[in-house]
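Listed next as structure tokens is one chain, alone, in the form predicted alone.
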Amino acid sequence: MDKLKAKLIELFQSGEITLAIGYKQGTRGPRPFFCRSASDVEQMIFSNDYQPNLAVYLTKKEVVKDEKVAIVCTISALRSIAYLARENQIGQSQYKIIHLSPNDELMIFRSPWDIDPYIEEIPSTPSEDDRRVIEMLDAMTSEERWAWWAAQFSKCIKCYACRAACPMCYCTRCIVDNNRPQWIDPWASPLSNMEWQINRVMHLAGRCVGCGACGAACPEGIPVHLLNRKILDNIEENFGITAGLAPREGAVLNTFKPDDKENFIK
């Protein structure tokens, strides 16, 4: 951590950055920290387990416009930045991407493309608690799983915190904001809640990095990230695309190959 702070202080003092996005201690744990001076760097804290995923701010013009930005990345944030670059949402050398590895090595990536060799060596795996729930769901019949998710989504209050927390939900106008036509009812109800969650998870199919920020952000405690996680596993099994790695040829649902498997169609 001392290496990280020293580097950020150096970057501020040299004028190479005007904003460092990282974490500081909040009243309920780590929270995003928008550090604007060398004197404030001492407040910064870091762990690769921290939420939220800070890569979400890189597509927010109101945050990064006209700033020289350094972002302190968890492994999940690195994965997200690699995806955002592949989808042309951020430039190749637009930001200073800084990471403190689990063995305390300070790493600075010159561009999002330099991230790939590092994250390819780190598997994207769910936590033990999440894995137990996934195994429980796998043991259910399809009817039982539907009933379980329907009960979970019935708690949704349509706050869209899951959307706000996700770096890959960067559309300036989401389908739920569109009322001409009204695709999904804006109020909370069993049917529209299910429609919203299914639409969102399908838009993220093959693009989700498995960071869990959506589930962590949900005020109702709905494990929405587990639905994304299960689809990641299915995509890896059926299409050979490793979870958490940005595919070089596009996401699963916006590309087509004649030899694609169709055994998932039931």
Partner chain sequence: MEKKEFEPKIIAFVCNWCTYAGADLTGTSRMKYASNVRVVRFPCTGRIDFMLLLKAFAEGADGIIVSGCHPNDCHYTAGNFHARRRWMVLRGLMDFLGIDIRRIRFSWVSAGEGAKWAQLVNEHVETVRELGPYENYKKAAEYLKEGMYNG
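Please read these numbers as outputs of a predicted model, since none were measured by experiment. Residue numbers count along the first chain shown, from 1.
The same protein also exists as the form predicted in complex with its partner chain; that form is not shown, yet it is the one meant from here on.
By the criterion of a heavy atom within 4.5 Å, Gln43 is excluded from the residues contacting its partner chain in the predicted bound form. Its partner chain in the predicted bound form comes within 4.5 Å of a heavy atom belonging to Ile134. Using a 4.5 angstroms threshold between heavy atoms, Ile198 counts as touching its partner chain in the predicted bound form.
In the predicted bound form, at least one heavy atom of Ile231 sits within 4.5 Å of its partner chain. Of the stretches 116 to 124, 137 to 145, 72 to 80, 92 to 100, only 137 to 145 has residues with a heavy atom within 4.5 Å of its partner chain in the predicted bound form. Residues of 8 to 39 are not found to place any heavy atom within 4.5 Å of its partner chain in the predicted bound form.
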